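Read the single chain below, which is given as structure tokens and is the form predicted alone.
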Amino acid sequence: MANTKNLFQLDYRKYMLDNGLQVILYKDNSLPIVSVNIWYNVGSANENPGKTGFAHLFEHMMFQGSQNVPKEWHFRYIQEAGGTLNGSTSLDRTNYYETLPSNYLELALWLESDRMGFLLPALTQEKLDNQKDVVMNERRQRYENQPYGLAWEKLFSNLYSSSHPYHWPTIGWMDDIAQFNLEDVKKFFRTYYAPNNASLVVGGDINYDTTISLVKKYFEEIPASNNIPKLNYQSETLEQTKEVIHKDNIQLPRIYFAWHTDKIFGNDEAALDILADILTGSKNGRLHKRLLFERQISQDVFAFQHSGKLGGSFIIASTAKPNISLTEIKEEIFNEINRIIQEGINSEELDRSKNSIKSSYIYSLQNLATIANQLNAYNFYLSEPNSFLYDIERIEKVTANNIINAVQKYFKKHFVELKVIPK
């Protein structure tokens, strides 16, 4: 057991530059590759009503060139070096990352520093207009013109009040995207994309002293932001159950349920993750067996805990088979939830779910880019990059009673019920 625990104790070094940039270095010289991963502590939750979608916009704008890097050459430089790269945006954060041969580490650091410190001189109205069109097309493709594509934002806009920063979708409302203004966009960048609002992980085939010297060379002179607003929202509850009906271009109706639950790394989050797996994580999942095999009334069913810094939610959704009513599916889902409270969880399904979650987690850590991203995630949410063992042990410690208590605590409260039906 002691040896197993040692696998999750990663040796790392953490620094903070004078401008506030947090730097985490992790050395693994087993392969000649490095992964550079930067998290900006800005997501859609940092936007304001009427001006949504800015954080996601910068997922695009950051690849449109900076003062010393021509438009879209960030991709070209990394790919021609044999590397891979991308970025992503969530409610809480935006990240950019690249993995490439270790002899190109300096290239990656220069590219990341140039867009952190020198993006605005290259940000033009033409580039903004171009990326507005790209984002609006992405939104049409993934939301408006995608079957069930608007379900996610309808769930969240009903689960959270209009003043809560989880009320709007990460990509933003279409009307807000169409109104993006160059000065507003520049102000958003100056506020949030600063070294004192970011953490940089460099992992892989590195030398600690050489790497921190390179990081200082490229990032130390970038000025900090003096005005980063604090987010401080209380958890929300629904005063009544909301029933929402949305008509869509679909063949089969689908029903969704969303409950307010625990935030990320909260006391109940691990139990809710295991609950989701017990319900629908495999063909042995309770709802999967009941709805798809025994009753044969559903085309599919899925459940998951969605956790953020300001709150969490538990989602269950199921698509009806032809000529099956959503009411019938709803009844079976709630029967199964009540059965957990009344009859509990058996040790076999608890162990199976724990092992499934742990094995997926451990398998993911074979990838250097995943380790680098996980170091940044733990640093962001827990202020301790090396939380691998803590994370897996909190799964291990969940008991059947923890799950039953979580079901009683959250699933007896009001919820959002969304029915997506054919037009």
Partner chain sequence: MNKLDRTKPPEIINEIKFSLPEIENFDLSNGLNVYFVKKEKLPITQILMLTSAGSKYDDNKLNGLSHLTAALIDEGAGEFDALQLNNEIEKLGSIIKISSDKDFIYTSLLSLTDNIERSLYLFSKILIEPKLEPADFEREKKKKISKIIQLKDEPSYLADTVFEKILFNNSYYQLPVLGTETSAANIKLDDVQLFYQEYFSPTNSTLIVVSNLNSNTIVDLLEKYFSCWKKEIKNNCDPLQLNTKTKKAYLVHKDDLVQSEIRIGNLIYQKNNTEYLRQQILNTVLGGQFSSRLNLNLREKRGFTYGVSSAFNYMQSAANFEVSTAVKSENTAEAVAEILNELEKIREKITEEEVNFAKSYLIKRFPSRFETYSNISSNISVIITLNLDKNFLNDYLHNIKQLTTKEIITSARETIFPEESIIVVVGNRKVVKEQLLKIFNENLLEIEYNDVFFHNSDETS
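Residue numbers count along the first chain shown, from 1. In this text, all values refer to a predicted model and were calculated from it rather than measured experimentally.
Below, we refer to the form predicted in complex with its partner chain, which is not included among the displayed structures.
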message: Can you tell me which of 161-169, 309-317, 242-250, 228-236 lies within 4.5 Å of its partner chain in the model of the complex, counting heavy atoms only?
response: 242-250
message: So, a 4.5 angstroms cut-off on heavy atom distances: do all three of E72, E138 and R254 pass it with respect to its partner chain in the model of the complex?
response: yes
query: Hey, in the model of the complex, is K51 touching its partner chain, heavy atoms inside 4.5 Å?
result: no
message: in the model of the complex, is there a heavy atom of its partner chain that lies within 4.5 Å of any heavy atom of W173, even though the partner is absent here?
response: no
- request: Please check if K321 has a heavy atom lying within 4.5 Å of any heavy atom of its partner chain in the model of the complex.
  value: yes
- prompt: How about R394: is it within 4.5 Å of its partner chain in the model of the complex, going by heavy atoms?
  reply: no
query: Within 4.5 Å of its partner chain in the model of the complex, heavy atoms considered, which of K263, K289, R190, K154?
result: K289
statement: Heavy atom within 4.5 Å of its partner chain in the model of the complex, from candidates V398, I33, L57, A377, belongs to I33
- line: Looking in the model of the complex, the residues of 131-156 with a heavy atom no more than 4.5 Å from its partner chain, listed in order, are Q131, D133, V134, N137, E138, R140, Q141, R142, E144, N145, Q146, P147, Y148
